[in-house]
Structures are given as structure tokens and as C-alpha cells.
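Next up: the same protein chain in two forms, each one alone, written as C-alpha cells (structure 1, then structure 2).
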Structure 1
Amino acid sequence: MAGAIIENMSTKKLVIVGVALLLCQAFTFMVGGLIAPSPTTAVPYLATKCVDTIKHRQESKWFMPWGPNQCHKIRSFDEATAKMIEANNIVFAVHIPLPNKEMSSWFQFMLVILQFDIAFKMYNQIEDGAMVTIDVGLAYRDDTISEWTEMAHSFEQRKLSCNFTTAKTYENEGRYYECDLMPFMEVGSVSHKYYLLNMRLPVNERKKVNVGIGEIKDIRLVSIHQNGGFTQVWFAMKTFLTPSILIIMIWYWRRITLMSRPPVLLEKVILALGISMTFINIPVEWFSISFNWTWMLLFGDIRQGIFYSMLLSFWIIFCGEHLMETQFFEALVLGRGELKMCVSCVPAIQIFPERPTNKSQDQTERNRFSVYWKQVGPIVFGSFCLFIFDMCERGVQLTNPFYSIWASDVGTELAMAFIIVAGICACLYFLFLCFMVFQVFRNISGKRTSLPAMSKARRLHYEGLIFRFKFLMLVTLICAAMTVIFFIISQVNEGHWHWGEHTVQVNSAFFTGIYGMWNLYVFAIMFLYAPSHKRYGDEQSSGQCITGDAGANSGEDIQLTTTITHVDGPTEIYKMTGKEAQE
């Protein structure tokens, strides 16, 4: 009877495949750790205080902090007070990037963080719940002589969260508050060479605008963008992995369609997993180098969400289809699951009793996707909630890059609620997955008590199948755990390690290694669960009573995989786990 490749491939070839995949996995980590630079770069900026000398200022006027057409500057607000300059006429200007540098499309995105330097004054303290109103504009140009073109303009509010760590006395006046960083701007495409930010802090005492915010001394910004070198390595990986997964997916489905039966549920889910992996691999980011596609960040989030939703659903169905609900092996004789009554068949009947009709009906149900709605439904719902959360921020940022869901109390609480619920659900899912894997292992181990009744050769064969299947399940858990572990490491370490004369970029290794790991995992699943052309233990000719070794061999055909690769019956692993699909 034919089976899946994981069943019929020789141990030597299987070891070679495993070692090759392991070497590829190590290579993906080394590419990120030794070749690629750090994923992102943070550049600090101090806003320059420019003076708008025009009484009726024009909205289209832009103030440059340096260069041949730089603005009229002041050093401090004390100087502005001495010169009778109103706060509404002071413009904070920031040019991105720094002098003698250029931005590049390879940077992919630009995230800007805002921080205020606020001095303590007894007569001008920060009130509880103080909100800063910012009149901000963003402009761009691609050379140093052309005029600035407005890209976005908005009135934004940011809530101050500042602490004064010493006693609030006259002796401590002039000391600075410790203020939290605030999200300020996010642009999904860096398609221009130069950017200019002009910010005003308009004061209106009657409307309580920018009142009770303390004495602001300076505005500091931190611009974060993706490194061009990392982008090139990332694009190269996507370009290489896309045809690899696409080819193995076509090869896998072609083998499925060559069989004379329709594909079963697990085979369809494996194909869907390959499609989602191909979807996330397609390097459409190459077009962002030439086109100003500000929606690429949102599109990337959607692609990742689809893949991870499919991956989590696949694990549930993969384990569910391998769970056994009976306590005995299913007999399979002459490819029809029937035993002929004769003296020599009694031992086989004792080992493999006939299954009740309701169990067969249950197996038919287990081959339907609707059976898993209780497990897959929460995954889909959670993914949809994260999609709504992403649309509430990055969707709005397509038209207003200064918008942030964290800017308001309601938005912050909503965002934190999404993150906390997502974290709890992820932990519960992982525990549930571990429980399902434990159930599979326990059920399979329970069947080992029947193995001594088989001939030595076949017993060793099925023991090998059980080991291969358990190993694959453990690899699945390791892949899930590695993602969590490397994510934590990338958050708590300094970002790079020194290894002799080499510097290992841990964060880059995390991105490239985990990305490569999921590709290799999907590749391995489609390869190992593809139908094999190799046959093991073919049944004897039909119409004869099972006697001697022939009867033993026929009665001992048990299976671990859940793919049916022969028109007359399931594969060996599939029968072992009691998941035969009734056609």
C-alpha cells in the first residue's frame, strides 16, 4: 500500500533531508546575524526655534533650520520674551535627515517619536491630564534648491505624562521633568530625499489651548527607519524563497491530484498553508523602491495576519486529525477494512476488532472543516480584531501620518486591551496546542502494546513510523516556542553580540532566522506529507483467506499520517490514529 513520503522514505534519506533543512536554518540565522546590519536606525534631532516675522503668515511658508535659506532663529524662550516675540510666532523646525545626508527608498518607513524638555516652575507647573496641542506640517523635496511641497498638515493633541522626581520647591526651579516618549508620526514609504517638519504650539488662554503644560524649553525628536542594507538582505531572501515554496507547492498538489480520490481535509489545509506562505513571500516590496506606496506597512500586516491565522488553524487541524478516538487499531484486509472469518484470522481479530458504525460515521465527520469551528473560530475572530486595530491606526495614517491611537486615553485603553487579550489568547492557544500534542502522543503510545503481536520486521517498521511522527510533532512545538523565545531576546538584549572579531546582530538574526524557519517548516510539511510512489507491504491477492505471514501482514497495516494515498484505503499513519476518511 502506498503512503506519505514520511512513512516510506528510508531513514538514511530522511536524515539527509533533515540535515539539509537544519543547515538551511542555520544559514538563515547567519545571514541576519553576520551579513545584514541592524534592522533599524534611530537618529535624534533637536528642533530649531525659528521666528515667523510675518504678521499674516502664509500657510505655504516653510522654515529651514539650516542651509542658505535658513530661518531667523532664537536660542531660548527667554530671548523671545526679551524681544517681545509671541509664542504663536515661534516655529520648531526639524530637517530630516541631518546635513549632508539623504533619505532613501530602501529605508521603507519612517517613525518619529516626540519628547518635550519641560522645566519646573512654581508658577507654571504641569497640570494633571495636560494636553499639548501641536500645529504640525510635513513637507518634502528631492533636491536642495527646489521648493518644499506639503505632504501633510494637522492639528494634533498629545497627553503629557511627566514626573518630577525631586521636591517641588523654589530651590529646584529650572530642573527638568522626566517625560515619557510619545508617538508623533509614521510614514509608510520613504520615497523622497528630504523631509521638513514645522511645528507650532499655539496658545489660546480663553479656549485653554496649551495652558498648564509647564515651561517647554525644547522639543526633541527621534527618527527611526529601516536600514537599507537590511532591506536588501530581506528582499533577497523573499526573492529566493518565493519560487522555492511555489515549486514545492505545485509539486505537492500535482501528486495529490494524480490520485483517483478527492483530497482529504488535511491535504487541503496543507495546500492552504503553502498558499499563505507564498502570499507573504511574494516580494512586492521591490515596487516600493520606485513607487510611493504608503500602504505597504498595512499590506504587510495583512499578509502576516493571514499567514499566522492559517498556521494556527493548521496546527489545530493537524493535531485534531491525528487524535485517535478508539482504543484499538483498525483492521484493513484486501484494501476494504474487512476480516474473513477463519482459524488463522482469530489473532488478527483479537488485535484489530471491528469498529462500530457510529465510529465510522464520526470519522466521516472528522474529515469536514466545519467540525473544527470551535477551535478555528476564535483564531479567526482574534485575527479580525487585530485587523480592526491595525486599520484604526495604520489605516488612518494613510491620510494623516500624525495620527496615533495612543494619543487619547480611550485609544490607549483600547490598544492595551487588544494587546493584553491577544497575549492571553496566544498563551492559552500554546497551552491548548501542547495538550493536543500530548493527547496524540498518549494515544499513539497506547497502541504500542499491540506491536509485539506483529512480526519483527513489521514491528520495527511501525516503531520507526511512530518515532518519525512524534519527532515531527515536537518540531512543530519547537518552531512555535522559538518564535516566542527569539522575540523576547530581541526585546531585552542590547541588539548585538560580539563574537571574536565579528559582531552578531541579534535582532537581524531573529527576523531572518524566524522567517526562514517558517518557510522551511512549510516546505518540510508539504514534502513529507506528499503521496509517495513507493509501496510497502502490498496486500495479497483478493478472495483468499488470510493465512500465515500474508494474513499477519495484511492485518498489521497500521498508519500514522492522515493523508489517504491509495484509492482503496488510507495511509499507514492515518489508520494508526483512527482518522480514516470514509468515501
Structure 2
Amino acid sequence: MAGAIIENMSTKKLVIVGVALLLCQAFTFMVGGLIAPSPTTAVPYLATKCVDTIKHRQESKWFMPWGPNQCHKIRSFDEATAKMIEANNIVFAVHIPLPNKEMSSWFQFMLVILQFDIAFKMYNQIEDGAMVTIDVGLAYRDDTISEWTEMAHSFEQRKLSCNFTTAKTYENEGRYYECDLMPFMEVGSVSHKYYLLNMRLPVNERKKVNVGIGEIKDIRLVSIHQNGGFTQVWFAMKTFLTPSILIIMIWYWRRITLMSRPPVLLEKVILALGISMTFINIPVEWFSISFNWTWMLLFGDIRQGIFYSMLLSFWIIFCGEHLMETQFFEALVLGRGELKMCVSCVPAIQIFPERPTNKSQDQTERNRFSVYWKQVGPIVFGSFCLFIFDMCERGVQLTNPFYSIWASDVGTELAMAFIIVAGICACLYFLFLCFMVFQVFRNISGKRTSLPAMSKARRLHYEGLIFRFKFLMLVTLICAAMTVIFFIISQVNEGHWHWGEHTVQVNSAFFTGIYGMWNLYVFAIMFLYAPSHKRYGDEQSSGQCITGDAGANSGEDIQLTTTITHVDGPTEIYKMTGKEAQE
């Protein structure tokens, strides 16, 4: 890993690369903020109360709330009481979308939230722990005249968690309870134009079904879907980012394979990071436009999960490797001038202070992933928990779109358990990470003082090491801070800012900007931490990589295209230190 491009690059070029990346970053933010609409739209619906007049039907009939063939509807339940209509004959019908509009596969997903308007009555209050049983059917059609086709049908139970904020008196009869939102339905692809929901609240006093749920006045639904414009911008971004990451990844791996030594763990991890980023980037969503792939939502979650765990693992391993190298540095300072010690650092520089001469063992130790089991374990376990949780929620929704793990008590406890375990894993991970970063910094600051006393090549190597580490730390911190800041802004903010005549969609900017940022992050890591071709021991320019004397290094191009016989950094160091020792 020593002799990465970042160390051997002149400050000028580093600045150029940095500015180019920043421009790309600003561009991704602007794409989201100025071109794309807001990411999602929420459409409120009020269920129409239809009356099912036929007593015993053979086949299922669908009730339309409006338009031709609309059902026989009533405006309020007082009307129903007057006409002696029973609760079992009332069907709540909601047509998605509203008149004159149609759904599109560009909407990607649709989730529906349920809310009851329940009036307070002194003698008909909501009982504790009341459950609503909903007999719900979902149907679709693709033109306005054909028959409805059933998509799903289910009996769903939802827990009513309502409270009445004002005093429970006669005077306040008729006021509504404040009820929590209930997740109702989630479909992972919107491939049909029209959807129809028919809900019934069957009453059965013997079985205690829908008894003690108060006086329901209305059923409100809110459907949330991704905006078509946002989907298009998002797809365009993915389509553009995939080749950029792919190309830099291939280039990076080619550099590694060109070296005379086998790749070390850190290099492999960086490659894995690139692969997982590409995995997210590949715009397979294009297929969801023409195919009815309901598992796309779940697949997207899995892809994101893989990337996040890869990124977290990368940070740990990066810190770990640098920790070891600084520890080696310690050993080297202690045993300065001993050639034997320096021989042992070929090709990789890793020696534990306790066992400074055991070369083969150290090398395998360094290249083994299992050294990090303690740190990577929580990541894997936490992601696994979240995966199980996601499978329980979105996996089951593939077959029953009305399923929700939060609807039942056992499910809620299970889900909470998974999430809490994942949270503990995350805390554990961050403790490990912070501890490691702290250790590296302690080592660095401790050894700073002894740097001037070292020979030039050795000093350069360790200055490079420190620089490399600090650079990544800085960039990572900035990226993480940006993510957190934008996340907070998008949570607090109304979603869009007005800037004169322009409307800036903050939420969209957050999504495209943060997505672009992590892409650029991975891109920059693969580019800057790829092994350099440059010779190390060039006496004239050797100081420049750190001090950044930009004037005199026109000949110091990073030789991206050279295919000369490769001499990589550590070997150079070995030569240099060897030479010194001979002297």
C-alpha cells in the first residue's frame, strides 16, 4: 500500500483533483435541487362510503367511488342509520389516483397509510387495546372501461392507538380522537394505471370483531409514491455513475496486479468497496419500468445494506492497517539501523513490536481478514439483523401488500428486538472505530517528534503514511458531517426553498448530493490510494510529495499510462534503508 498516488502527487495536482471532485459534488447537488422535483408525493384520499345492497353474492364486486358505474354512496353515517343500513353493508372505496390522473411505473413504489376519524361519544368510547379488523381488497385495471382484476385480498388487523386530548365530557361529544398513523399497504412496483381499494369493517359481536372501536366517521388514506421526475433524474445519475466507478475500479485493479507483490488486505477491501458501490449503481431499475418487479424495493434495501457494511468495514480495516504500520514504525525507530528489521518489511511493512523478526507470520497476519473479526463482527451481525427484519417486513409484503410487522404485538417486539440489536452493534462498532482512530493519532503524535532524526527515505515513508491517514480521516469526516447535516436539514425543512423565482428542492438535493458524494468518495479513494508508479528515492524531488513544492516538479506526472516494469514503494524503501544501513 505504500507509495500510493496520493503521496507522490504534487500539491498542485492534488488541488486540481480536489477542485474537480468538488465541482462534480456541486453538480450533483444542483441536479437534485434544480432539475428534479421533490422525491415523493403524498396524496390524501378520503374513502367514499358505498352501500352494498346485495345480500349474498357469488362473485366479488368492486365498488367505484366516482365516475361511471359508481356505487350507491352515502355522505354520512347518520344517513345510514336513517336508512337502516348495517355496518356490514358499508364498503369504503378508494380509487388511486384521483380523477383524471393515472399511475405510472415511474412511480416505483406506492405505500398507503391509514387513518381513522373516530368521534368521541360518552357511551361509545374506544376500548383499551382495541383492534380494527379490516377486510380489504386491492384491484387494478389499465384502462377506464375494463373489469377490475383482483391483486390481493386480506383480513388485516390493526391496533388503534388513539387518545382524546380534550376533556371527555358531553360537550365534547363529536370531536375526533387523535389516532396514530397506521401502515396499511406497500407495493414495490406501480405497473398498473388504476388501483381500487375496497375496505369493509365487518362486525361480529360474538367473536368480538370490530366491537368497541368507537364511532368511525371517516377513513382517510394517504398514498405516497416516488415522483416520476425524480425517478428519471435518479436513473440518469445511476446510469452516468456506473461506468465512471467501473472504469476507475478496473484501472485500480490493473495497477494492483501489475505490482510484483500480491495485493494486501487493504487493497482488496478498497476493491470490494468499489464493487459494492458499482452494485448499487448498476441501474437495474430501468427494467422495473417495463417489468412488474415488485421485489425491487427489497433488492434496493439489500444493495444499500451491502454497501454500508462494506464502507464501515473499510474504515475499520483502513484504521487497523495504519495502526499496525505506525506500530511498525515504532519498532523501526527502536531498532534503527538494523538491516535485518528492514529486510523483514519486504514487501509489506508490518511488524508487531513484540515479534519484530517473524516475517512470514506477520505477513499472513496482516493479510488476514480474520484479524478484524472483533470489529467487523458487529457490522456483519447488525446488517444481518436488519436484513432479517427487512425480509420479515418487505419480504412478506411481496405476497401480501397489506402485511406489516408492526401490526401484531409479537411482530412489534420481534422488530424492536432486531432493531435494538442492530443499534447495539452500531454502537459497538463506533466505539471500536473511535478507539482505533484514537490509537493511530496517539501513535502519530508520539512519533512526530522523532521524525527529523530519521533518514530521509524512512522519514518520507512515514510522513506519507501519516499524510495518507490524515487525508482519509479528513475526507471521511467531511463526508459524514455533510451527510448528517443534510439529513438534519431535510428532516427539519419543509422540503423546498424559494430563491427568488426558483424553487430549490432541498430533499432531492440531499438525495442526489449525498449519493453523488459517496460515489465520489469511493472514486477518490480508488484513484488516490492506488499504488503509484513513481520512484521514491529521487533525491531532488523526494521532499516534494509532502511539502508540496509545486514549482519544480513538471516531470512528476503520475504515470497513468506507463507500462514500464513496475517498481513499487516498499521495495524502494527497502533499497534505501538497505543502502543507509550499508553506509
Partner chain sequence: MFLHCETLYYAFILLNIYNFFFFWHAYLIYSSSVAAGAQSGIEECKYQFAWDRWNCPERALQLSTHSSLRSANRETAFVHAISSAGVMYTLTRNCSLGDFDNCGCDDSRNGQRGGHGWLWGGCSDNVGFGEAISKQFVDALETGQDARAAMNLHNNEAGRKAVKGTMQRTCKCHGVSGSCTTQTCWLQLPEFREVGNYLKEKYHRALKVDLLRGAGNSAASRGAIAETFSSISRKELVHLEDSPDYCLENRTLGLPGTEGRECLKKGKNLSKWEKRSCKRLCGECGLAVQERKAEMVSSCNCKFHWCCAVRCEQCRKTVTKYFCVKKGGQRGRNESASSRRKNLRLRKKH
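All residue numbers here follow the sequence of structure 1, with the first residue given the number 1. Here, rigid core means the biggest group of C-alpha atoms that superpose within 1.5 Å across both forms. What you are looking at is a predicted structure, and each value in this text was computed from that prediction instead of being measured.
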Form predicted together with the partner chain - which displayed structure it is:
2
With both forms fit on the core, has residue 147 moved 2 Å or more by CA between the two structures?
no
Does residue 439 shift between the two structures by 2 angstroms or more at the C-alpha, the core having been superposed?
yes
Align on the rigid core first; then say whether the Cα of residue 109 has moved by at least 2 Å between the two structures.
no
Residue 467: Cα shift between the two structures after core superposition, Å, came to 4.3
